[in-house]
Each structure stands twice: as C-alpha cells, then as structure tokens.
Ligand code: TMP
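We begin with a single chain expressed as structure tokens, specifically the form predicted on its own.
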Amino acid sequence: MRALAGTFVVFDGPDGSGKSTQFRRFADAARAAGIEVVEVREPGGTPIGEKMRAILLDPANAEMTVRTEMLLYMASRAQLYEQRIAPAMASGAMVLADRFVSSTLAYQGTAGGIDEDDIVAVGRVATGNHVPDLTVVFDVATEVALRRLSPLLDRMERKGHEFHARVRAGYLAQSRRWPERYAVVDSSTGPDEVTASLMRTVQSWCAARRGAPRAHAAPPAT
C-alpha cells in the first residue's frame, strides 16, 4: 500500500460491476496503512462538476447527443483535475477516482461511436496531458451487471443490454491497448473474493512498477 503514496489510481467498469463497494474498501485499507487518500468521483467532484453531473445523469435530458455528453464529461474532468487531483498528488497523497477518461472511452467511444483517438486527444486537453498511474477495471458479464442495478436508473444506466455489452468490450479493449497502466479484476464473485483479487492485482502491479520512473504523460495515440 505504501508504494501507492503520490499516485493517481482510478476504479472503473460497467454500471453494476461492484466497483463502488471495492472503492470504499480500498480507500479504507490505504488509510489504515498510513496513506493520505483523496477521493474524487466523476462526473463531479467539484461544485462546478456536480452541476454538470446533474445535467448528464438526468433522465429528462434524453435528447443529449453523444458528442455533447463527451464534452460535458471532459469539462467536468478538467475542473476536477486542476482543482483537486493535481494539488493532491503534489502534496504526496494518493488520489483515488471513481471513473475517469476510461469511462468516456468506453461509454461515448466504444459504445457511443466517437473515435477513440479523438477522445484521447480531448482528454489530453482536459487533464494537461496527464493520465492515471493505474486504472483498475472491474469486469463482469453484462447480464450479471444489469441485474445488480437499482430499479431507479439514471440516464446512462437506461441505455439497454446491447449498449452496456459494448461498454464492457470497450473497457477490455483499453486494458489490452495500455497494459502497463491498466489491470482487470473479475468482479463476478462475492465482494470479499473481489477484494482479495483486487489486493493481489494491485500488489503485482506495484511489484512490476517498482524501480521504474513514474510518468503521467499520455502515450502517443495509435
């Protein structure tokens, strides 16, 4: 855990993947190990970002285009990175984010049809050309994930099975494209089993990274 001080870690995955439970457990474990943790969520995390979140997730805004979605998510992200993420990392805290650019790539990119490299380019503008150290994707079969969702669905959760299946495929494609800064955890089992798998996965990532310089600059788009 102590190797994570000063890093930027993202938990992501399809709706219903169980990442929120693991987010809470991981943050608590990091604090117990003596690490300062700054928690942020997307969209939102700042007063301005929370206003954008309300617009993005409101089921009444059904006419919103995918490109508008993408740009609003990025605007919220730009505010979050400058106001909270960058200062926290500079102070030596671990930033733990509930979603980041990886979500936009999966939802508005793979599932929504916007070119992945266009999203990467806008993400560089939004974050000053910085990327997370580690993105943990919680992976679960779409059928299982949808059964876990609350009946009070927000606008994104209402998009149906085919859409969410593409979202899952998008996350897995990202993990193959950037294996050095992505890790996939099977979240189809019970919460305790997922937590144990998460801890092993992060430990392996830290061991592989030990001794290598940390760089937050985004790699060239391919």
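Only a predicted model underlies this, so the values are computations on that prediction, with no experimental measurement involved. Residue numbers here begin at 1 and follow the sequence given.
Here the subject shifts to the form predicted together with thymidine-5'-phosphate, a form of this protein not shown in this document.
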With thymidine-5'-phosphate left out here, work out from 185-193, 58-66, 23-31, 36-44 which stretch has heavy atoms within 4.5 Å of it in the predicted bound form.
36-44
thymidine-5'-phosphate is absent from this chain, but in the predicted bound form, do 15, 53 and 104 each have a non-hydrogen atom within 4.5 Å of it?
yes
Contact between residue 73 and thymidine-5'-phosphate in the predicted bound form at 4.5 Å, heavy atoms?
yes
Hey, in the predicted bound form, does residue 108 get a heavy atom within 4.5 angstroms of thymidine-5'-phosphate?
yes
